[in-house]
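Encoded as structure tokens, the following chain is the form predicted alone, with no partner shown.
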């Protein structure tokens, strides 16, 4: 079998990885082997943190809804339960925005659900 000299292909591959790691500190941006490891680690963390971001935002929305709902004599869980029972289709993100930006509208939504309940 003939010998394959990977000159330009290998250079392109290494350059691609070192370009990705260009913002890393120390040897992580200069040495190919450590840059490869750091690239793998960075991509793994990016994937995990995209999931964590969703988790964090959901916690924030629930806290905001709960804070405003308690002001009007309800809780987040009770409110969501009443929404499902009365088929009110508002997700947590929209509900949190309404609760923080327009408390009067949020109160009207709660009153509407309570009227349907009784």
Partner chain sequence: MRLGRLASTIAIHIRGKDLPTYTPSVDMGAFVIVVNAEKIAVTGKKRYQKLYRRHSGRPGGMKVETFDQLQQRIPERIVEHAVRGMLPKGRLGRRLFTKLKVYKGPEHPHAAQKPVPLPISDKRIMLDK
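Numbering follows the first chain given and starts at 1. Given the structure is predicted, the values throughout are model-derived calculations rather than measurements.
Below, we refer to the form predicted in complex with the partner chain, which is not included among the displayed structures.
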{"item": "Heavy atom within 4.5 Å of the partner chain in the predicted bound form - the one residue of 31, 67, 46, 57 that qualifies", "value": "67"}
{"item": "Listed residue that, although the partner chain is not shown, lies within 4.5 Å of it in the predicted bound form (heavy atoms), from 105, 16, 22, 100", "value": "100"}
{"item": "Which of 78-86, 35-43, 22-30, 57-65 lines the interface with the partner chain in the predicted bound form (heavy atom within 4.5 Å)", "value": "57-65"}
{"item": "4.5 Å heavy atom contact, residue 50 and the partner chain in the predicted bound form", "value": "no"}
{"item": "Distance check, residue 93 to the partner chain in the predicted bound form, heavy atom within 4.5 Å", "value": "no"}
{"item": "Residues of 19-49 having any heavy atom within 4.5 Å of the partner chain in the predicted bound form, listed in sequence order", "value": "none"}
